[in-house]
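Given next, in structure tokens, is a single chain: the form predicted alone.
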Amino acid sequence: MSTLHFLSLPTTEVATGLLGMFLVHETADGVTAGRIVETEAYLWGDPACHAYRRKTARNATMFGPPGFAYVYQIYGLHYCVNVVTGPEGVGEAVLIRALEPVEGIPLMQARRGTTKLGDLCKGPGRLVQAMGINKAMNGMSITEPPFQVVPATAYPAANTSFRMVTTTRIGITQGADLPYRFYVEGSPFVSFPLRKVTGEKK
């Protein structure tokens, strides 16, 4: 299955399927990559979804075809990166919440201003900074270089089996009861809190 075909699947399937895959960004400074260990799904009709009310200049990328990055700013400080999913015109996406750093770690450390491996990509704002993702990348393809999601087989040394945990999303007030957050059980790179609903072998 091609990456684009995969990203065209129902949004919750993409959110769970992204776990264990890798996010890669090639820049003039070097290549950074991380294993995706935490995601959140945002669906049409979901009050926490940016596309819930209507299409705006801010969320327009969400209404495009799947396979593109939706990058937006929160609290006027940090950026988050999402993978656009769902049919064109619907407005759905998957937030990448945390990564396990696997390549370009010194570059990530320089960008983040810390040498603590566990703090580099734990949370959506941190991973965006570590990976060198910026607002200009909103609407960029996420299926080909320089910015792409690649299968687990691309980094065999970091490709290990895991149990997936399904729970409720964090940092939101509306739709907070929906079980649309997914993470790798036991990963030290997952953001907190680690509320558990179900576990599934992947």
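When you see a residue number, it is the position in the sequence shown, counting from 1. For clarity, every value in this text was computed on a predicted model and none was experimentally measured.
Heads up, the form predicted together with the DNA isn't pictured, but that's what we're talking about next.
You can rule out all but one of 154-162, 141-149, 55-63, 28-36: in the model of the complex, only 55-63 has residues with a heavy atom within 4.5 Å of the DNA. Although the partner is absent here, G171 sits close enough that one of its heavy atoms falls within 4.5 Å of the DNA in the model of the complex.
Contact check for L95: a non-hydrogen atom falls within 4.5 Å of the DNA in the model of the complex. Taking the partner from the other structure, the DNA in the model of the complex has no heavy atom within 4.5 Å of any heavy atom of T115. At a distance threshold of 4.5 angstroms between non-hydrogen atoms, G132 is out of contact with the DNA in the model of the complex. Contacts between stretch 111-126 and the DNA, counted in the model of the complex as any heavy atom lying within 4.5 Å, involve R112, K122, G123, P124, G125, R126, listed in sequence order.
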